[in-house]
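For reference, the chain that follows is the form predicted on its own, supplied as structure tokens.
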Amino acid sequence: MMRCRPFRYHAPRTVAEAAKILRGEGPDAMVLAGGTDVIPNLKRKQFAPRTLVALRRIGELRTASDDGLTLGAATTLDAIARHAALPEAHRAARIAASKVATPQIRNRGTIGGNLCLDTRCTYYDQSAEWRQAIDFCKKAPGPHGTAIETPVEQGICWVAPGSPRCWAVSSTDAAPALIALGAEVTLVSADGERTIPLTDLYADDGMAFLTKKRDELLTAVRLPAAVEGWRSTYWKLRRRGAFDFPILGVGAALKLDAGGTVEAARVVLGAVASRPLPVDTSGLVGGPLSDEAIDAFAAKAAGPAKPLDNTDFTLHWRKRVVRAWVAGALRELRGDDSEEASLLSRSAARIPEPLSV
């Protein structure tokens, strides 16, 4: 049986109290929300905090605004998937939340936890004994792991042994969808509050993948007001129909005028790098979503995706499927039948039938 190391447990009742504890405990403290990712990592000794700061008693973190545009960071994924007040233009948020893991996990997991989800890697997501057998790795270089906010510059990256950095993969479903929607997040510390675009929360480093300060608490997600003409979706590829982390995620949002011309667009790839990867959409704007335009953009979008051999399936196939999945998401936003778009994308990427979206 895998057991966590001993730790102190705090359950503050206010954000200010939580921020004060985080400041006082320093790098030895971690935040616990739903715990669906943190607790398994504690048992595998990937993290070794001396203090856990639980958010379950802070009611303001579990509330959403009446217009559905501000979500407390401790709002469960299930609540977001069922959030009736969320505008139809922001349906990508509901889709992404509904595709995380299983119903049981969505009932516990939170939107803030998914946005701050630890990066993943075949060599990292193992028991302490397994990792010890290969001499650990750069991301968790010792038998007791390391706190997520305090990367250690030692060890080796088993994916790319000659690399000075860690290549663990960002596997959050919520981030690509919410970045495509133009979301912002609020961060609170003992020094005060700041709001940043969600895309700025991430850095392209498997260890130091969050830009927030170690004593900052993510408290809320803010979506822009829905504007006529915008539509959005999220496509997820995984081996099974539930539970699995994404092999690929595509968050896409478009604004179309009455004639079908693209006025604005945002496309973000997930699970192909150590951070959610925004794609340059300038080639889409100003023209119609024709088959030719979609195929040309999808081919270009696959270029920046550089998956490595550290998650499920081969890296060459995973790169090829990016093109098909981006094209499928855009066809859905154009108004094509979603099932037909999925079948076309599967055929283009030669995806075996058991794999699930």
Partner chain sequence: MNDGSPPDPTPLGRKLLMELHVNGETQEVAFLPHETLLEVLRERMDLPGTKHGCELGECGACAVLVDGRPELSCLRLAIECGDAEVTTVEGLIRDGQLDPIQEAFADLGGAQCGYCTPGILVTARALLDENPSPDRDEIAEALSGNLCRCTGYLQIFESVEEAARVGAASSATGEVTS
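The structure presented is a predicted model; accordingly, all values stated were derived computationally and were not measured. Numbering follows the first chain given and starts at 1.
Form predicted in complex with its partner chain: not shown, discussed below.
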{"property": "Exercise: Ser282 in contact with its partner chain in the predicted bound form, heavy atom 4.5 Å", "result": "no"}
{"property": "Ser163 within 4.5 Å of its partner chain in the predicted bound form, heavy atoms", "result": "no"}
{"property": "Close approach of Ala242 to its partner chain in the predicted bound form, 4.5 Å, heavy atom", "result": "yes"}
{"property": "Exercise: Arg323 in contact with its partner chain in the predicted bound form, heavy atom 4.5 Å", "result": "no"}
{"property": "Triplet Ser65, Leu69 and Arg94 all within 4.5 Å of its partner chain in the predicted bound form via a heavy atom", "result": "no"}
{"property": "Among 103 to 111, 228 to 236, 177 to 185, 255 to 263, the region lying within 4.5 Å of its partner chain in the predicted bound form by heavy atom distance", "result": "103 to 111"}
{"property": "Sequence-ordered list of residues in 52 to 88 near its partner chain in the predicted bound form, where near means a heavy atom within 4.5 Å", "result": "Leu52, Ala54, Arg56, Arg57, Asp78, Arg82"}
